[in-house]
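Below you'll find only one chain, the form predicted alone, shown as structure tokens.
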């Protein structure tokens, strides 16, 4: 094998887990998690079923790998950004929700959220992992920003944990709604996110009395 061919083969091997994950998530979203077989994933990814087991222990492991790649890796980025931020706290919701908007529009987050929500009741392991590592972590990030804004006097006094739900859950519903009902104008993220950011900022403004 020539050096260039060997390098190409090595790159292909390194890309294989991501290709398997993408194929799996597409099938999970289209057919349902329970109805999708690993044989289906292998065929869609252009590999053998045995190859899948080189990287993933089970179908659940494959879905959780997508959670890690799509959601948790981006939480790491956001938390790093927040730890380094030294500007006005009042600007953080716009920065955060702008990043969330980008993730919702440019990644397979809508597919992932739809699969988890539809299968959580039948697969508690998925529900537990997503609740602890995505929902709670996301709420914690938002509540932390709100608490910092209250402390700095830039946000009105409120319950950060409860208020974080008002910020996060409309986003989840928009994401799932777009995947469930299609790209209808009422759910256009380019309209929703600016409106939601404005709503959040007005609600948190320090001149608003609790």
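Computed from a prediction, not measured in an experiment: that's the story for all the values here. Numbering follows the first chain given and starts at 1.
What follows is about the form predicted together with a further copy of the same chain, which we do not show.
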In the model of the complex, segment of 51-59, 65-73, 36-44, 160-168 with a heavy atom within 4.5 Å of a further copy of the same chain: 160-168
Partner proximity in the model of the complex: residue 187 to a further copy of the same chain, non-hydrogen atom cutoff 4.5 Å: yes
Non-hydrogen atom contact residue 141 with a further copy of the same chain in the model of the complex at 4.5 angstroms: no
Contact label in the model of the complex: residue 172 to a further copy of the same chain, heavy atom within 4.5 Å: yes
Touches a further copy of the same chain in the model of the complex: residue 122 (any heavy atom, 4.5 Å): yes
Sole residue of 82, 95, 90, 135 within 4.5 Å of a further copy of the same chain in the model of the complex, by heavy atom: 135
Interface residues of 98-112 toward a further copy of the same chain, as seen in the model of the complex [heavy atoms, 4.5 Å]: none
